[in-house]
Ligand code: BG6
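One chain follows as structure tokens, the form predicted on its own.
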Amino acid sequence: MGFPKNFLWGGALASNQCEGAYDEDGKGLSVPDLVLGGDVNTPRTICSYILEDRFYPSHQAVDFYHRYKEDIQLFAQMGFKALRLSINWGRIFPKGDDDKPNEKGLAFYDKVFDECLKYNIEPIVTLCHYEMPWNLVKKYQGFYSRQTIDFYVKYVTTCFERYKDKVKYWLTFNEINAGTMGEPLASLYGLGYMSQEDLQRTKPCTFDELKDNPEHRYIALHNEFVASALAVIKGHEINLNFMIGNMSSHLTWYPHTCNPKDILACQEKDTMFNDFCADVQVRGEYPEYALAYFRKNNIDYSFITEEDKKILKEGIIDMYTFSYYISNCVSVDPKVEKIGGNLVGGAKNPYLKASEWGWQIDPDGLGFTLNKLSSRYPNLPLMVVENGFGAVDKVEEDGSIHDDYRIDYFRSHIQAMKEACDDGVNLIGYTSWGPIDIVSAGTGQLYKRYGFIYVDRHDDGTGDFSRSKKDSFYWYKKCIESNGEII
């Protein structure tokens, strides 16, 4: 059986991690433009203004803004059927609350989409991928303000109307469930939320120093739910053929032991991290377990109004898309050995290997997740829109890059997807994360590489941005040509 005939093979990018040109052609400051680079041992730092003589990874990134034709041609050589990318909100509305859009920003994405379509590559567009205009954070505390819903709807309506004949697949927010966590990095990137105290800081601070207010965070997340639903409603008014989806970070959780308390803790972690946001966006209503969680944690949920309930019900999504990198374990034992991961860490699984950055490799977890989602949301199309392996790549004297470790990672995960398709899962596409090297969102590093294509750009700001093909480039090309049969 294997993958469907018209399966959407491709790769995924985020504008703030690839484009650069952070202040060109009228673009306003976005949140990542104020975040300095870091590494495994140095926490990420943010300042409310640009510091001189400091390195900001997003300012030039890998220069996709000026090299998009070359990069899309390379994607076409691999045989891409789809390219997931994001529109940087600050290119279209530089301050977020502008009266009129920036024509130069709109024209740039016209050119990018035209280049994709030239090679029969279907754009899959994320409307907000951690790229909120900084002015909306500073002036409105991001989605904590109801006003930001209106600014978002104005922005997405502009995009829908402009690109309605070029883009069919849309995602409203990247990893929207980042808002369920107390990590300030996730809250700021995902919700644009900062406390008034933090906004008044005049010196750089680490994300660990930022304050988390759970009630404010869930108000902001609710406002994102409403904004997403309104976007779905508006998109369907503009083009009935639009397929508009969510995007969640799906992280498979296992109880660390058969201790019933580990199992119950795992259940809560799984439902609130993986299921909660999707249930609201797929079913159009808050699940009872989420309301119970609010009561248990003294979170007043009177922000869920009757009018909002109607909007959520009307604006349900057309497809479910998600990122999958790792699995983690849940333990009630405070002394258990911990390990990191995408957005959030957990207890170490003794049965799994991990990357250099502590991300546990678990292709079986992807198969489990696909079957779970297929059962939870019957008949809803599914798409894996992020999956990849960050590693240190060595350039040999002849310029070759032998990244067998990356090929092994993709091979095992694609095999898991293939088996899920055999199980009857309605999987329609797969876009690997970082088909070309980009800035890591979590660490701000270029040293941590994901791509099939190497970019000569480094964390000290050196490099000429030249592109070269890794061994995985040729492997993925064969995989796509064979529709996943040759892996």
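Computed from a predicted model, the values in this text were never measured in an experiment. Each residue number is its position in the shown sequence, starting from 1.
A second form of this protein, the form predicted together with 6-O-phosphono-beta-D-glucopyranose, is not displayed here; the remarks below concern that form.
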query	finding
Partner contact for residue 91 in the predicted complex: 6-O-phosphono-beta-D-glucopyranose, 4.5 angstroms, heavy atom	no
4.5 Å heavy atom contact, residue 457 and 6-O-phosphono-beta-D-glucopyranose in the predicted complex	no
In the predicted complex, residue 325 touching 6-O-phosphono-beta-D-glucopyranose (heavy atom, 4.5 Å)	yes
Interface membership of residue 86, 6-O-phosphono-beta-D-glucopyranose in the predicted complex, 4.5 Å heavy atom rule	no
Stretch in contact in the predicted complex with 6-O-phosphono-beta-D-glucopyranose, which is absent here, among 52-60, 414-422, 437-445, 27-35 (heavy atoms within 4.5 Å)	437-445
Answer option from 175, 403, 71, 362, heavy atom within 4.5 Å of 6-O-phosphono-beta-D-glucopyranose in the predicted complex	175
In the predicted complex, the one of 369, 246, 342, 274 near 6-O-phosphono-beta-D-glucopyranose [non-hydrogen atom within 4.5 angstroms]	342
In the predicted complex: members of 398-412 within 4.5 Å of 6-O-phosphono-beta-D-glucopyranose, any heavy atom	none
